[in-house]
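The chain below stands alone and is given as structure tokens, in the form predicted on its own.
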Amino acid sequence: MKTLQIKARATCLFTAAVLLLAASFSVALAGEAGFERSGANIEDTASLQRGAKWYVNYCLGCHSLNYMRYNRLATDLQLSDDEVMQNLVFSNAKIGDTMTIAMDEEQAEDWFGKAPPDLSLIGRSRGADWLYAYLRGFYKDEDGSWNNSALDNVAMPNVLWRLQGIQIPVYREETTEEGYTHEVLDHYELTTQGTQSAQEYEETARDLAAFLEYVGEPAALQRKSIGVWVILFLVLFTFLAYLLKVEYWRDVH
């Protein structure tokens, strides 16, 4: 009888652990609900290398990565120090320096009204799916100003417009259950062709999203591989602990 009770308790604990993991996974998925899956993969080294190239060429002039060092980038992206210095460093920075910018914050506020933020943690706070939608969501309003479907009234222009081209939104009317009719975004219409095709630009946006996700937590590359072994150890330890408990309680009446 005691053995049956112990087995029942162990089963309940295991079920609770599984439900907790499932709930955590559901919460993680819900964080980026409403956005198309980017397909960004931080374990794809070639994608991260391309993302780093696009970032330093189009983004690093305004948006620093103050928590990322060039030598860490070289190690994680399987690049030599010379390759990083020749292809990713366009200033007098050294290989051990962080990816800062020369723009003065006060001057930036005078020029733009607000200093461009550091993007070291944007991938961790927003997620790759949001970044993918943001990079693809720039369009021109009727007054000719830039806007973005992922961040309304965005404060920056589309710095990648030469790659993507210039697009305008096409709306359609939609009626709610209460009978209210309003316009919703249906699709984009390209008015100026970019240097990349739609498929090529989607890959560029995916690579940038993956790179910024990696920068937000570089340790994730090691953490995920180590995590598998940690889970296996915990499963084995739980099984051994259960057997040990059964043995200790065998003679308890």
Ligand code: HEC
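For every residue, the number given is its place in the sequence shown, counted from 1. Since this is a predicted model, take the numbers as computed values, not measurements.
Separately, the form predicted in complex with heme C exists; it is not shown, and the next lines address it.
When heme C is considered in the predicted bound form, only one residue from Val89, Ile166, Ile122, Ala133 comes within 4.5 Å through any heavy atom, namely Ile122. Put simply, Lys140 is far from heme C in the predicted bound form: not one heavy atom of it is within 4.5 Å. For Tyr171, no non-hydrogen atom is located within 4.5 Å of heme C in the predicted bound form, even though that partner is not displayed.
Heme C is not drawn, but in the predicted bound form it has no heavy atom within 4.5 Å of Arg50. Contact annotation: Leu160 falls within 4.5 Å of heme C in the predicted bound form, judged by heavy atom distances. Comparing 58-66, 42-50, 223-231, 189-197 against heme C in the predicted bound form, the single stretch with non-hydrogen atoms within 4.5 angstroms of it is 58-66. Contacts to heme C in the predicted bound form (heavy atom within 4.5 Å) from stretch 138-154: Leu151, Asn153, Val154.
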